[in-house]
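Heads up, the chain below is alone and in the form predicted alone; it's given as structure tokens.
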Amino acid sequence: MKLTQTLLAGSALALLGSAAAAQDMANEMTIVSWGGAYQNSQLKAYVEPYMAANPGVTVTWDESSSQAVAKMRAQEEAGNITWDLVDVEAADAIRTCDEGLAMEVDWDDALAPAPDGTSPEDDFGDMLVSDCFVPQIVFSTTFGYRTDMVPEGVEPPTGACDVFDLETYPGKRALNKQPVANMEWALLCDGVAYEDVYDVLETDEGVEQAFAKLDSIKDQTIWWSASAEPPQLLADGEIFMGSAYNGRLFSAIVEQDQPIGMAWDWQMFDIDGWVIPEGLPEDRLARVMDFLFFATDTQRLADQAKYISYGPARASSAPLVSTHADLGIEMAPHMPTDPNNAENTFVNNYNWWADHRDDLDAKFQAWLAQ
């Protein structure tokens, strides 16, 4: 689905100090994201503020980020690059960079420094996992459950391993229709030590062990592809428990007042951010770089946390995170990085998945079809 919105041009154009520069920029930009509450946070935090009194810019949203790598490959092969800026998870950023689908970014040249003068490269620090990646947020994939479906006399679920306990917590589950996170949780909850998970998963025996664990709940699982699905399944009471992005669950719980609880244990930490397709015409690239400079500065990334419970990727943005823009509640306790939520966390190994994703995707889809 695509949504088109007309916005006024501007922002960092003022920094360029030249009306001629604006004339060299395209007036249309296609931004690829994930839809729902996350895309709305991007819209509110930095797309809508990207304005000035110059000619209007048409921004088209394409909600295809979950298929970004495949579609960027197809566009490159066809010689028809229709996307201008693509929101992806860190492992997919590495893949697009390794395959020459995304362009490298000189962070210190292309992005704004922190207010105190700290360079962008130092401000983003360890979040810069690929030469083609501009990070935005730290998020997690974790579990939500229906509070009104917890069996009487039973403690509510606390984390990922409870999804495999059908006896204590009967009912349908929902899991993402991909191997990432599911394979790690399956091994972890089958007794593999945290530090050994990827070594085990690199073997045929480890892959079979993970599938065997997932087999134990396969017939009780609804497989989701779009990130809006699991909160809706929970809201409709179609599942007892499901994996979802923590910000989507926050939206359902806090903004929509759904009877949903959070099970944070062994949440899967990840980073999300931008890649720029290789081969953009000069005028489109100029518009993208102007927008990127504005959208990833310290204040804009902090502003995004007013709308969704994802931590900003810049160190200088964190102290600026305050309250929800509409509800006025403190946002820090709802972040995946809050100490009360992060006692046991699993950090996604982006580089490992960049190397193994295609192979495990094929095996995972074959297993689903069995």
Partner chain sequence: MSHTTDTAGAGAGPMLAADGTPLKRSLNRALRRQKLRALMLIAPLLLFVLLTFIAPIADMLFRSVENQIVSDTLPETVETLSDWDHTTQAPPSETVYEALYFDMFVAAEAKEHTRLGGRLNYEMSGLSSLIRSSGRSLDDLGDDYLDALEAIDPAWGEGAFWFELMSGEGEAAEEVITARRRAVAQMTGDRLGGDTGFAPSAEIAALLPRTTRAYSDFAVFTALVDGDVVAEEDPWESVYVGLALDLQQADVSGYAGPGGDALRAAQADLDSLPLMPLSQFFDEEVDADWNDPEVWAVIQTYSPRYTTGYFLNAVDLQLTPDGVATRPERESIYIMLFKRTLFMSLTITLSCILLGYPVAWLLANLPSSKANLLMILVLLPFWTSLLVRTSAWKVMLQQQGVINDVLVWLGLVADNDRLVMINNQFGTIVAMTHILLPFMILPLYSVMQGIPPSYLRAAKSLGATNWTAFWRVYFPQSVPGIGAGSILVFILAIGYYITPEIVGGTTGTFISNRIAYHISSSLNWGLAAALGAILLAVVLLLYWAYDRIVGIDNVKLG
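Numbering follows the first chain given and starts at 1. Not measured: the values here are computed from a predicted model.
Unshown form predicted in complex with its partner chain; subsequent notes refer to it.
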The one residue among E238, D196, D283, D122 placing a heavy atom within 4.5 Å of its partner chain in the predicted bound form is E238
Among the candidates A332, A70, A325, A315, the residue which, in the predicted bound form, approaches its partner chain to within 4.5 Å (heavy atoms)
A70
How about T203 - does it come within 4.5 Å of its partner chain in the predicted bound form, if we only consider non-hydrogen atoms?
no
Is there a non-hydrogen atom of D116 within 4.5 angstroms of a non-hydrogen atom of its partner chain in the predicted bound form?
no
Looking at the partner-bound form in the predicted bound form, is E167 within 4.5 Å of its partner chain by any heavy atom?
no
Is there a heavy atom of D24 no more than 4.5 Å from a heavy atom of its partner chain in the predicted bound form?
no
Answer yes or no: in the predicted bound form, does its partner chain come within 4.5 Å of a heavy atom in every one of E77, C97 and E229?
yes
Sort through 254-262, 158-166, 135-143, 89-97 and report the only stretch with a non-hydrogen atom within 4.5 Å of its partner chain in the predicted bound form.
89-97
Quick one: name the residues from 157-176 with any non-hydrogen atom within 4.5 angstroms of its partner chain in the predicted bound form.
K172
